[in-house]
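What follows is one chain in structure tokens, specifically the form predicted on its own.
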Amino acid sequence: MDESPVDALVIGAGPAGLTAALYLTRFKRRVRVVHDGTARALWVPRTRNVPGFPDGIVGKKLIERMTDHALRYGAEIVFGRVAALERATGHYRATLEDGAAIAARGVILATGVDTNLARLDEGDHMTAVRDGVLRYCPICDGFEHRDERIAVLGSDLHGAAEAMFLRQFSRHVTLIPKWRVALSDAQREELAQSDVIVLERHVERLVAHSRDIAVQMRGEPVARRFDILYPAFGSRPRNELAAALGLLADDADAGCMPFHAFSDGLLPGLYAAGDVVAGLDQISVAMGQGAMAATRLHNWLREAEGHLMADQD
């Protein structure tokens, strides 16, 4: 590492990271983005939640356009995975898996989350996602499945809550436990009053077809067919770099970054944005947090450079 530190290192190239890179380069900062090509937005078949795209835009196309936007203003975007992040004197030091090192005065963690995926017994997972028979975000796309036969695969309150949410869009919502339904009598009654069907049988097979998905239940001779299946298995924040800096409590290894991470920061010069931050996992939210984190980091750097009004917050 013989080069001078960049002004900002952005880790992750999803909507949050690319928005942060765009803002920072327009602030005339030297910015390097490191990503491993696994942003969740890349496998969104079509999002209609991004303002300005009423007919929707394919997630991969959106990331391509955002990448081009950031590159045009001078961001450096490189492929790789940051294996370690540590504080050094006057900067942060990131070490990539290939051994390369990057020094940066400030850092934005836009590392996202890993979705806990359903396992199909037949059919390709990503093909099922593209075909629209397997989806993971009711807030993102429940509107597109109005009056369809919807199944939610999940055995706890999280699955029940998703089923109740989707009931707003369709009268045909079924909650299917993965093993058993861990719900109280009161919660069962809420589901019943909303006409959400609960199937308390073991799921033996999931088979994705081009137009629907088949769920084989133990003891039933014929598989049940649904237009769409929502696995409600949650996700795991990619928080390892924050954990290595001591930013997670011992009992919160699986937790997201606190909501203020994009505005108040985590450490001097260290911010987080996007799905890795606690809150609503939406592309528009990630973009807003990326803009906020970039602006706060820029002003933090200005203060260090003595280029900020004394009374300015």
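From 1 onward, residues are counted along the sequence shown. Note that the structure is a prediction, hence the values are computed from the model and not measured.
Beyond the structure shown, there is the form predicted in complex with a small molecule, which is absent from this document and is the topic of what follows.
Colleague: Exactly one residue in 196, 94, 213, 241 has a non-hydrogen atom within 4.5 Å of the small molecule in the predicted complex; which is it?
Modeller: By the 4.5 Å criterion, the partner-contacting residue is 241.
Colleague: Please run the contact check for residue 112 against the small molecule in the predicted complex: heavy atoms, 4.5 angstroms, yes or no?
Modeller: Answer yes; at least one heavy atom of residue 112 falls within 4.5 Å of the small molecule in the predicted complex.
Colleague: Is there a heavy atom of residue 34 lying 4.5 Å or less from a heavy atom of the small molecule in the predicted complex?
Modeller: Close contact exists here: in the predicted complex, residue 34 approaches the small molecule to within 4.5 Å, heavy atoms only.
Colleague: Any of the heavy atoms of residue 40 lying within 4.5 Å of the small molecule in the predicted complex?
Modeller: Result yes; residue 40 sits at the interface with the small molecule in the predicted complex.
Colleague: Please determine whether residue 44 contacts the small molecule in the predicted complex, using a 4.5 Å cut-off between heavy atoms.
Modeller: Close contact exists here: in the predicted complex, residue 44 approaches the small molecule to within 4.5 Å, heavy atoms only.
Colleague: For the chain shown here without its partner, which stretch in 226-234, 183-191, 213-221, 74-82 has non-hydrogen atoms within 4.5 angstroms of the small molecule in the predicted complex?
Modeller: Heavy atoms within 4.5 Å of the small molecule in the predicted complex occur in 74-82.
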